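Read the single chain below, which is given as structure tokens and is the form predicted on its own.
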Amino acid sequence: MTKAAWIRLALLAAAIGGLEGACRAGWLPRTAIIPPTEMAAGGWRAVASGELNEDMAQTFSVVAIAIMVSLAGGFLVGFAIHGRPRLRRALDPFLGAYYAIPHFAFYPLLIVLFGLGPGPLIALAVMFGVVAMIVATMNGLDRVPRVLGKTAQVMRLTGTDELWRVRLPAALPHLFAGVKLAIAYSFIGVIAGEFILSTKGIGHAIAFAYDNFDARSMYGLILFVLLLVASVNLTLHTVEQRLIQRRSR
């Protein structure tokens, strides 16, 4: 691992150790937070027992659909806007202020439109993730060197060949920023939606544990989600760095 990775790991270990010590020493009330070891034990018990299999299947299937729609839709919309400078100048202020909108306020409307079930959750998660992919797509295409476009013209590539053989490979490292954000936002949208109003799912399980003062299960499931999303993003970050290094060579 790199020096920066060791520093991040040391800081994370110090933070976890400090929280563990503060909880064990009684400096933090157990009614507010529990030691990380108990969080891990509670999460392992909840996952390994199999009682959350249906909830996890619900959440992961909805998240997977939301991620696919966000990535595909965000890329297509971003690509279309990138080719229309006037439209992009008109939309840039709205895209920049998009995440200031309280998206959860639209959840009752989404229930009216899609009914109870996974539909509103998918729509809410897509609302969170798609704009990140749109912005990343436009920024990635902006960073494609112009010399590559001239080279494609000299080689008489068609528009489709230029897109698949030149522009997308050159923009791919920058697109990973949108992919990582879209995945994280999809998880946020689905789990938060399940927390507010759902009859199953990991978010519902967290809300149920919260309502019943089951801190071990609540924090355990939160820790489980954090580790899962962090692992996915760490994997994508590793691939992204390799692509950047390969491009620089």
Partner chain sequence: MADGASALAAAERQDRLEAWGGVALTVLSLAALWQGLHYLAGDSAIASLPATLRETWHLLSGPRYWPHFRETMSAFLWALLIAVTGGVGIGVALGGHRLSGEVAEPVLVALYSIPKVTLYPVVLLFFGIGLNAKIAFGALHGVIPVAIFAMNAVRNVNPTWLRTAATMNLGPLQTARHILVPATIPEIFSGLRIGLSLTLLGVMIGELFASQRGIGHLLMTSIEVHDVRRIMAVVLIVSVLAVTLNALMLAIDRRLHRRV
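The model shown is predicted, which means the values in this text are computed figures rather than measured ones. Residue numbers count along the first chain shown, from 1. In this text, the rigid core denotes the largest set of C-alpha atoms whose superposition between the two forms falls within 1.5 Å.
Keep in mind that the form predicted together with its partner chain is missing from the display, and what follows is about it.
The candidate stretches are 66-74, 183-191, 40-48, 53-61, and the one lying within 4.5 Å of its partner chain in the predicted bound form by heavy atoms is 183-191. Contact check for Arg242: every heavy atom lies farther than 4.5 Å from its partner chain in the predicted bound form. Interface residue remark: Arg84 is not counted as part of the site for its partner chain in the predicted bound form, having no heavy atom within 4.5 Å. In the predicted bound form, its partner chain lies farther than 4.5 Å from every heavy atom of Ala205. Contact check for Ile16: no non-hydrogen atom falls within 4.5 Å of its partner chain in the predicted bound form. Contacts between 90-122 and its partner chain, taken as any heavy atom within 4.5 Å in the predicted bound form, involve Ala90, Leu91, Asp92, Pro93, Phe94, Gly96, Ala97, Tyr99, Ala100, Ile101, Pro102, Phe104, Ala105, Phe106, Pro108, Leu109, Val112, Leu113.
Taking 2 Å as the criterion, Ile111 counts as shifted between this form and the one not shown: its C-alpha moves by at least this amount when the rigid core is aligned.
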